[in-house]
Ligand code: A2P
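Here we start with a single chain on its own, the form predicted on its own, put down as structure tokens.
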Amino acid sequence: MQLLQLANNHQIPAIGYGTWRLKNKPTTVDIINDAISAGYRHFDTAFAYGNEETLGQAFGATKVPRSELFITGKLWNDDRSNVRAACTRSIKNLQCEYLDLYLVHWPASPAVHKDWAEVNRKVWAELEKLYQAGLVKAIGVCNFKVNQLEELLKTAKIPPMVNQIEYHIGQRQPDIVEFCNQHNILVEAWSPLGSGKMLKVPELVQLAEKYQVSPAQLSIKWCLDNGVLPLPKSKDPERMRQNLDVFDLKISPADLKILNDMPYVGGSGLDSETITLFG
């Protein structure tokens, strides 16, 4: 597995395993064990996913040393006033002494909070304390747009090291990616396969056939070629292995442009500036 380097020099595996929609049930332990056997060492979860305890069972039982695992947790909106307690709860649930990365799951939405920028600043200050205390090896955010990052950076003592956003073919968000690149913030892609919707897009299927790979493999390598860390998920062990077997794939500049220029498709429609459901 190739490694990338965060702004603080902490290393992160270049492909992670996303765990959204995996439930707290025994079969999830088997799925995580399969992912570890397939070669995954980077696992992305969140308290809001409701699966921390089950993932913790898998992590606690694996023979892979903790130092070889990269485990990401996320702060849910309801815990903005209890950041340290929320983080230590996740560490306990996941059966690990620390988190490699802890992210603010969603910024405060201007549609809900008139003082959204101040809410985000206060939350970020608490994440900085977690980092300084050694509870987490790196800190970052999710779903922050450019103006939200700009406001946060005005007072941040430690800049975010990661911004995890919805990113896939047909949903590039180039303004956010460019801003993050300029500020040494690694972009991670949640839903890099468009929640599976991308895998049946004819243009993508045809290009995948040209390269003799799956549409998922092409989508994952496209993320990497654009400097973005993908977080795919599959429950099938063979597809797990396929999704990691992309580093030797060479997409031509012309085909990369075709993929970059594909129109919007497969997006969730969630916008952190207008969302009210859990802003």
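Sequential numbering from 1, following the sequence displayed. These numbers were taken from a predicted model, which means no experiment stands behind them.
Quick note: we don't show the form predicted in complex with the named molecule, though the next part is all about it.
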item: Position in contact with the named molecule when the complex is considered in the model of the complex, options D236, D30, D245, D225, heavy atoms within 4.5 Å; value: D236
item: Sole residue of L103, I71, C180, L193 within 4.5 Å of the named molecule in the model of the complex, by heavy atom; value: L193
item: The named molecule contact in the model of the complex: A156, any heavy atom under 4.5 Å; value: no
item: Residue contact check: A216 to the named molecule in the model of the complex, 4.5 Å heavy atom; value: yes
item: Contact of A35 with the named molecule in the model of the complex (heavy atom, 4.5 Å); value: no
item: is_contact(L199, the named molecule) in the model of the complex, heavy atom dist at most 4.5 Å; value: yes
item: The named molecule in the model of the complex: contacting segment from 225-233, 55-63, 250-258, 42-50, heavy atom within 4.5 Å; value: 225-233
